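There is one chain below, alone, in C-alpha cells, taken in the form predicted alone.
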Amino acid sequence: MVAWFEQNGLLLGLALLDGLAYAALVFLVAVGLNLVFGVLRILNVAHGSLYAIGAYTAASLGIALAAGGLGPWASLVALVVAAAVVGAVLGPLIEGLILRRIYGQEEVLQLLVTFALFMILEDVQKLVWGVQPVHHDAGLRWLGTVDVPFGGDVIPFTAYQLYVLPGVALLTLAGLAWFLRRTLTGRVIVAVTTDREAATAMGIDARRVFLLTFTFGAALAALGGALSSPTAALVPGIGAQTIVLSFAVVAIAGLGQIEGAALSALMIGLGRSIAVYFAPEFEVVMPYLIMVAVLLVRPQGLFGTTETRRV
C-alpha cells in the first residue's frame, strides 16, 4: 500500500482535486433539478438545456466585456450575471407557457413535453452560437494557480477550481437550507412540497410557488453552466451529458432531497475523477455503477423515504 501511494500519490491528489471541482458543478445543476421536482413533481429534462444556455451566455458576455476593455475580473462577474439573466428570463417563460399546462398530467406526458423542449432549446443554441467551440477563460487565468501540498508532493491547481467552484457550491447549499427553513417564503415552499392540497386549502397560492421555484431552479442550472464555462470549451451536446449525470445524483440522493444531493454529487464527482486517472475505460460508466449499487440497496435513494399513494 505504501509503495502504491509513493508511485501514484500525485495522481490520487489530482483525482481528488478534480473530483471536488467537478462535484461542485454537478451539485449546482442537480440541486436545482431536485428542488423543481420536490415542488412541481416534474422531472424536467430541459434542465440540461438551461445549464448549456447559462454556459454559452456567460462565455459570450465575458468575451463582450473583454472586447469593451474591462479587465478579467469582469469575466467572473459575468458568470453570476449570466445565470441570473437566464433564470429570470427563461424560468418564468417555460413555467408559464409550458409546464403550467401539464401539472397533474401523467408522468409520461410530462417527460415527453420536457424532452421536446430540450430538443428545441438544443437547436436554439446552435442557431445562436453555432457549432464551433466557444471558450473564454480570462477569469480562470486571472486567478492563477495554487500549490497544494499532498503526500510530500506539491500539486499546482487552478485557484478557480480549488476555491471558487467548491465555495459557490457550499454557499448555495447553506443558503438554500437557510432559505427553506428560516424564511416565510421557504416554509411556504416546504409546505407545498409536503402536501400541496393542504397548503392550497390554507390559502397558499400554489401557482406563485411553482413559478418562484422553477425560476430559482433554472437559475441554479444556469449558474452551474456559467461556472463551468471557463474550465472547458463549449460545444453542442453539453446539456445532454449534464442532465443525465444530474438524474443520477437525484436518484442516489432520493427525489426531493436537497442536502443529499451534495453527498451524491461528491460521490459521483470523486468516482468519475478517480476512474479518469486510474481506469479511464470506466470514466463514462462509473457514475451509473455508483447509482446502480446504491439503488440495489436502497431503491428510494440514500436519503429518500418510501411514500404511500392513495389508489
Partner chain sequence: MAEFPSLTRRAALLGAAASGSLLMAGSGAEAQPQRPSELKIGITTFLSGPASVFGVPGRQAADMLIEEINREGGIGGVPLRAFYVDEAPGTDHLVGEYRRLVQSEGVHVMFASISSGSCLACTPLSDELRKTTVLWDCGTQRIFEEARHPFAFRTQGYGTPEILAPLLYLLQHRPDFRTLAVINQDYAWGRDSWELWKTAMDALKPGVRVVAELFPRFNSTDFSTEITRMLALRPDVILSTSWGGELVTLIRQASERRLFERSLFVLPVAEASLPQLGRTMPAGQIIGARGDHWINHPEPRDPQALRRFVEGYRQRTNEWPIYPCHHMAQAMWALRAAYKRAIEAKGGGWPNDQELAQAFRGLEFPTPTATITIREDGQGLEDQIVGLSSHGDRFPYAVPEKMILYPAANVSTPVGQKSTDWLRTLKPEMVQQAGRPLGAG
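Positions refer to the first chain, counted from 1. Keep in mind the model is a prediction, meaning the values are calculated, not measured. We call the rigid core whatever largest set of C-alpha positions still superposes within 1.5 Å between the two forms.
Another form exists, predicted in complex with the partner chain; not displayed. Remarks below refer to it.
Considering the partner chain in the predicted complex, the lone stretch of 170-178, 87-95, 141-149, 68-76 in range is 141-149 [heavy atom distance within 4.5 Å]. Taking the partner from the other structure, the partner chain in the predicted complex has a heavy atom within 4.5 Å of a heavy atom of H135. Shown alone here, I238 lies within 4.5 Å of the partner chain in the predicted complex, counting heavy atoms only. Contact between Q125 and the partner chain in the predicted complex is not found at the 4.5 Å heavy atom cutoff. Mapping the unseen interface onto this chain, I155 counts among the residues with a heavy atom inside 4.5 Å of the partner chain in the predicted complex. In the predicted complex, the partner chain lies beyond 4.5 angstroms of every heavy atom of every residue of 31-59.
Once the cores line up, the CA of F247 ends up less than 2 angstroms apart between the shown form and the other one.
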